[in-house]
Every structure is written in C-alpha cells, then in structure tokens.
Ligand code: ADP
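A single chain, nothing else alongside it, follows as structure tokens in the form predicted on its own.
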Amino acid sequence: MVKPFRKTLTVLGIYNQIRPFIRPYRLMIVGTLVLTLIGALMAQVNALVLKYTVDEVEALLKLPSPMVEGIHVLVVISAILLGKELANIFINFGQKFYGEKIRINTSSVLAQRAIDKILTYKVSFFTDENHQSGKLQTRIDRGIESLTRLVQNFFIDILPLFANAAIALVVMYMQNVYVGLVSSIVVPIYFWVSAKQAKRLSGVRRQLRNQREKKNSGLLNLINSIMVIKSFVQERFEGKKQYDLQMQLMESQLYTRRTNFIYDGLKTFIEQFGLVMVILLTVYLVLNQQMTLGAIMLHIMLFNNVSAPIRQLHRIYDDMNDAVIYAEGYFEILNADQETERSGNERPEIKGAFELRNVDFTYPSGAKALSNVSMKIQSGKTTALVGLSGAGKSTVINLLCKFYVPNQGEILLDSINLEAYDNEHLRSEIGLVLQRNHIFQGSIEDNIRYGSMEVSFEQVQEAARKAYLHEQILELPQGYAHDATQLSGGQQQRIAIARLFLKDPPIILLDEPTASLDAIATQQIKNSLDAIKKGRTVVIISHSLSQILDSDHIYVMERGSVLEGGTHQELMENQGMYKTIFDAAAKSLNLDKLVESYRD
C-alpha cells in the first residue's frame, strides 16, 4: 500500500491549500480588505484627537477666559469622536459580518469536499488502522475547525490588528523618527520569541493530535464493544486503558500550557519594556522642547495600537499552529489520491459470466488471501463457495465487486476485464447481501428504499413481504417509520434482503445471507431467494447444506486456493475436502437423529 500523505505544512502551505476554497468569495474578501483599511485609519483618530486636545487645552490655559475660548474645541472634539464612532458601527459590522460569512461558507465547502473525497476512496483506505472512523472524524472535524478559525482570525482579527499597527507606525514615524524606531525594534523581537515558542511546541501539538485521535477512537470502540466487555467482566481493564490514554493527553496538555505561560510572560515583559522606552523618549523630547506635551499621549496611544497585535499574537499563534497541525491531518485525507478507486469506462449490458484467471491477492495489511485462484462462474447459474473460515471466500466476493483489485492475474466479466468496467455501472448490476449488513440511522422504510431510491411506498412494502418482514413491521408502534437500528439482528438481515428485491440486479452475491436467522425465517428467506435466483448469476457463501445442495457448481477453497470444483454429487464421489466439510456439517445438525425422527 502506498504510504499516506505526510507532508509537513507551513502557514504558506496552508494558504496554498485553502486558496481554492476561498477563491469564490474574492469579492467579499476585497470588500473586507477595504473596510479593514478604513477601520485602521479610523483607529488612529483617537490618538490624533487626544494630541490636539492636550495641545489646545495647554494653549487655552494661558488665555484670560479659557472656558469661553475653549467651547469651539469641545464642539470640534465631540463632532469628530461621535462621527468616528457612528462610522465605526457600520465599518465593524461589515468587516465582521463578511469575515464571518467567508468563514461559514469555507467551513461548509471544506466539510463537503472531505465527504465527497472519502466516497471516492478504495475500501482498503478504510481498513487501514491509521484510518479508523474515530481518527478520520477527529482529523476532519478538528482540521475544518482550525482552518476556518484561521480564516476568521485573518479577516476578523489579524488583518485589522496589523493594519492598525502598520498605520500607527507610519504616523509615529511622521511625528518623530526616533520614537518610530523604538516602536519598530520591539515588534521583531516579539515575533522572534513567538516563533521560538511555536517551534518548541510543534512536536507536542502533533503528539496531542495523535493522542486525541486515539482517545476518540478508543471511546467509540469501547461503546461498540460494551456487550463483550461486560460479558467478560473487563470493565476495569478497559477503564485502565482509557485512563492511561487520558493521562498521556493530560501530560502533553500541561507541558503545552507551561511552555505557553513562560513565553507569554516573556513577551509581556518585552511589550512593557517597549512602552517604557517610548514614554522615556517622548518625555525627554518634550523636556528638550522638541515635542509638545500632547505628543506624549499621541505616541503612547499609537504604541498601544502597534502593540495590540502583539498582545493578541500569542492566541493567534496558538490558533495558527493548531491549524498547521490539524490541517496536515485534514489535507492528508483530501490529498490521498493514491487511494482513489480506479474506474474504467465500459458500460455494456451485463449478463454475469465471471472468470478468475490465476488471481493472487494480498490485503494492504500484508495478509495473503488468495493464491493462483482460477474459477468460472456461469451466467444464470448458482455457484457456491465452500471452505473453512479464512479460506478466501469473502475475498472472492470483494474482488468481484471491485472493492479490491487483484495483485496478479485477472478477472473477466462477460469476457471483458473487470478493471475496464465503470464502477458505478458494475455495482448497479450487483446485489450484495453480507453476513453482517449495515443499517443506517433512520426509518425502516428509508433503509429498505436504499435498494432503489425512486420506488413507491407500495414497492417498499412488497419487498418487505418477499423478505417476510412486512407483518413484523406492522406490529411495531410506528410501522415503517420505526427506527431500523432498534430491530433485532435477524430483522436487520431481512431489511438487507428486501433491498435486494428492490434493486432486482442480474448478479447476486450472497455471503451467509441467513446466518442470523432462525430456522423458520431461514426457510422463508430461502424460498424468496430461490424465486429471485432464477435466471440470474448467483454466487453464494453459506454453511447451510440446503443452500449448497441447490447450487449448480461448487468450488472448495482452503487457505486462499481452490482445491476442487464440481457438482455436489461429483465432489462427494471425490472423497476430498468437500465430503469432509459436508460430513462435519451433517454431524453438527444431528442428521441421523433427524432422519430417525422422520421415520418415526
């Protein structure tokens, strides 16, 4: 199996990956940038007004009637500040609204892209232990959350803050070059410390991601295995496993917090040191009569505008580094192109004649499943696969559905290589009933309708009747609207068979279709299957003697190889593995006593 995507992303790498997702919203982005620029200019008004006020008040105090002369100053100040605040209401609303709209839209697109991409992957992608459902869900959820937070930070937090800082620095340089230089020196030092902090935590953040995935996956496994855990009285053992995972996660979290507290304290000191330097320098310039008294307040407020991004930088850096770590997991899923199913273009009418020629197959985990398997499955006939557990019978069915592709050899369907078939066309012509069939969260009607979405409710009911499920459904409080996941294993199996009746395909693959049914239900389903099998290609795996005896041809498999093939009578006369399996099955059913009972 090809190793999954493991490229370490940078912030620039994230931008390049996420750019296609935000490109459709470029007009909103431009609007947000314009509003950000206007907002940044407006943010400097308070500092300039304060300088003007202090200087004017200082001059007015030297006049005989400062209050009378100062009324116009109060009017001007009030008009400017109130006008600025009114304008800010609309600027902030537009900036935050459009920034949030970009974030929400991007989140929806990212989520849907992950779903669309996952649906194209091979079955082997999901059987990889690195792609367990809990891990995939954590990577997608945390990845989208981190990426959208990064978008939000950029358009709602970072962009306004740094625009304010840039314009504030320009104003400071225009007022006094030396004060501007002092303010500028603090910023790169702070960034350097923040970069060191991020570098020190990068490995821990990746470790935290893996630990969270293990914890979520372990919890899902615990819930799904609760009956087994209780039956073997292993609650303490499972609790200890979860406790150990939680302790490892806690240690990583504490290390992260401790490191953040140390670096954040250092960055606060740097910021305050810069403020002290600005105050000292401006006071010196005032005393040296190179600057007015109002300029002290101006530069202090401007430095606050410069240091505002610095005060927010530790939070933003945390979010950015989280985005880097979790984006790796998200884009690992999105960029796993080697896991995409290969599909051909052939869409011929399918009759159902399969031929396997010298097929070898090994699962991605390394388990050898088939070795030099050759067999013919005739169109319109029933072929049974017989063998002990692990013989490779289910693997053959997986290959016939193109869930996996042979490592060597080839599989033909109606004399055309199976790899040349369009996957959707092929699978639309195959009905598959497994030993354990998945039931979706939802009603019984919706689960049966999964066999064919366009059918009417009456057709759904008819399929349920053929699967001997209709009467049981009517006894339920909500009938066909009842939650299908609350049904028994046997009833869920009948839903899978009802889907088969709805789909009505030319090829039917049955892997222990009556394994979880009682004797009467088994006989009922057998009667239904016998009716639907007529004129169709059927491949069946079953330990039921009746299912095997009815087959037109039987292949006996052992350890991934075909030992023998023929009709029931031919195989019994061969005195080989088939007879051994058949005799064992007969003994397990106590056929001797059953025959005696019938004689009596």
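Because the structure is a prediction, the values reported are computed rather than measured. Numbers for residues come from their place in the sequence shown, where the first is 1.
The protein also exists as the form predicted in complex with adenosine-5'-diphosphate; that form is not presented, and the subsequent description refers to it.
Note on the partner interface in the predicted complex: the residue among Phe403, Tyr255, Tyr363, Tyr173 having a heavy atom within 4.5 angstroms of adenosine-5'-diphosphate is Tyr363. Gly392 is the sole member of Gly392, Gly451, Pro160, Gly143 with a non-hydrogen atom within 4.5 Å of adenosine-5'-diphosphate in the predicted complex.
Not displayed here, adenosine-5'-diphosphate is kept clear of Val76 by more than 4.5 Å at the level of heavy atoms in the predicted complex. Interface membership of Ala369, defined by any non-hydrogen atom within 4.5 Å of adenosine-5'-diphosphate in the predicted complex, is confirmed. Although the partner is absent from this view, Asn304 stays clear of adenosine-5'-diphosphate in the predicted complex, with no non-hydrogen atom inside 4.5 angstroms.
Leu388 belongs to the set of residues with a heavy atom inside 4.5 Å of adenosine-5'-diphosphate in the predicted complex. Contact with adenosine-5'-diphosphate, judged by heavy atoms within 4.5 Å in the predicted complex, is confined among 469 to 477, 222 to 230, 412 to 420, 392 to 400 to 392 to 400.
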